[in-house]
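Let's start with one chain on its own, the form predicted on its own, as structure tokens.
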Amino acid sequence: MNEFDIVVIGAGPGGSIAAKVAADNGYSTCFIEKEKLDNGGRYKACGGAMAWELIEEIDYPEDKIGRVIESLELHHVDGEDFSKKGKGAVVWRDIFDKFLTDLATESGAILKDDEQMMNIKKVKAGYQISTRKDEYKAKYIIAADGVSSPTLKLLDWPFFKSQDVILTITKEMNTSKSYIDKILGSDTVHLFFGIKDLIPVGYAWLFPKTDKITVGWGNQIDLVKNSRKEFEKFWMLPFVKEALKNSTLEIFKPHLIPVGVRPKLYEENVFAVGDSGGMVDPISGKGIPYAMMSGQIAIETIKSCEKKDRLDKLGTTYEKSLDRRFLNILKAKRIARDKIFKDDESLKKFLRLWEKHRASEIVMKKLLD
């Protein structure tokens, strides 16, 4: 039996940061990933856009960036456009996630990749985890295995409400850098909105990388009637057709994204982080920085409560720390999302404000009222 202080399930951004912080703090740590992680990592259906502040914070190498971005173009299908300036980056998630995984292993965390978790059960000293290859025991579990989290499902945790889950479709399209620069711009990403004529609650996107375009579409899952036909409406927009002319399909993948907090975030030494806990911006769909912060906060919570000999406070300490750092804002955004997507006029009012303000500022200062 491989015994550890902490076992992390999932090697995405939340899991890798949790494993790194745990190892940095002297905990024996193992993180288990179902996919095989070779030098290129594993593909993740995600646009991969992130703020430049995060790139600088983790010292992410510029040669690993798919494209540096200076503006976000917001298109409503009725023809009205909005533009939001700000520096960012578009990354390939396999390369980005592998970078974080390597940081964790360099800190001393043991990575077990190509090992699908098959079972987890409570035992006297903590938890026993069974994979296709081995068995592990740990006092603490970090569930960082996505919105559908097999870990939390096996532990009988409640799932998200249907209105708090978005179905996305992602296509990776091969084209040329020169054509992207000509049609989409050399430093621009594009979002597409329209409640009545495109997507009731969500948006679609074109995120250019070096010589590929990530094409995405996302709608609240309980409102999806025929995803293929609904995605086709986006695909047939004149601007989109022009951008994708002569491109070829490399990858097609559906994916689920949470846009509301899971009803439970902690129980009996098990912490939900990242998408497993629903720590995603309900308006923009941004989740990477919140996954990373929640992974760090989970380990800081363990360390703090152990030091104070207050293990009975693990859950309340974790949730209070999350609320203080970012979760209260995400909860407020979830409430505001219903107001934003009430009708197209409300949506366009938000887009006009978003041109000059951060979404969190719009919500917290009640600029929509």
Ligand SMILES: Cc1cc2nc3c(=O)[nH]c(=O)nc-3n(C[C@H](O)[C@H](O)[C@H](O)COP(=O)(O)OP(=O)(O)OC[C@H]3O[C@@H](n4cnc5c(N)ncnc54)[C@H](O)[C@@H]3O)c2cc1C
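Values in this document were obtained by computation on a predicted structure and should not be read as measured data. The first residue of the sequence shown is number 1, and the count goes up from there.
The same protein also has a form predicted in complex with the ligand, omitted here; what follows describes it.
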| message | Looking at heavy atoms inside 4.5 Å, which stretch does the ligand contact in the model of the complex, given the options 221-229, 238-246, 78-86, 253-261? | response | 253-261
| Complete contact of 170, 273 and 280 with the ligand in the model of the complex (any heavy atom, 4.5 Å) | yes
| message | Test of understanding: in the model of the complex, would residue 291 fall inside 4.5 Å of the ligand by heavy atoms? | response | yes
| Going by a heavy atom distance of 4.5 Å, is residue 116 a contact of the ligand in the model of the complex? | yes
| request: Answer with yes or no whether residue 202 is in contact with the ligand in the model of the complex, where contact means some heavy atom within 4.5 Å. | output: no
| message | Would you classify residue 93 as touching the ligand in the model of the complex, given a 4.5 Å non-hydrogen atom cut-off? | response | yes
| task | Select from the listed residues 64, 44, 325, 303 the one whose heavy atoms reach within 4.5 Å of the ligand in the model of the complex. | result | 44
| remark: Checked 344, 319, 35, 70 for heavy atoms within 4.5 Å of the ligand in the model of the complex; positive is 35
| said: Where, within 5-28, is there a heavy atom within 4.5 Å of the ligand in the model of the complex? Residue list please. | reply: 9, 10, 11, 12, 13, 14, 15
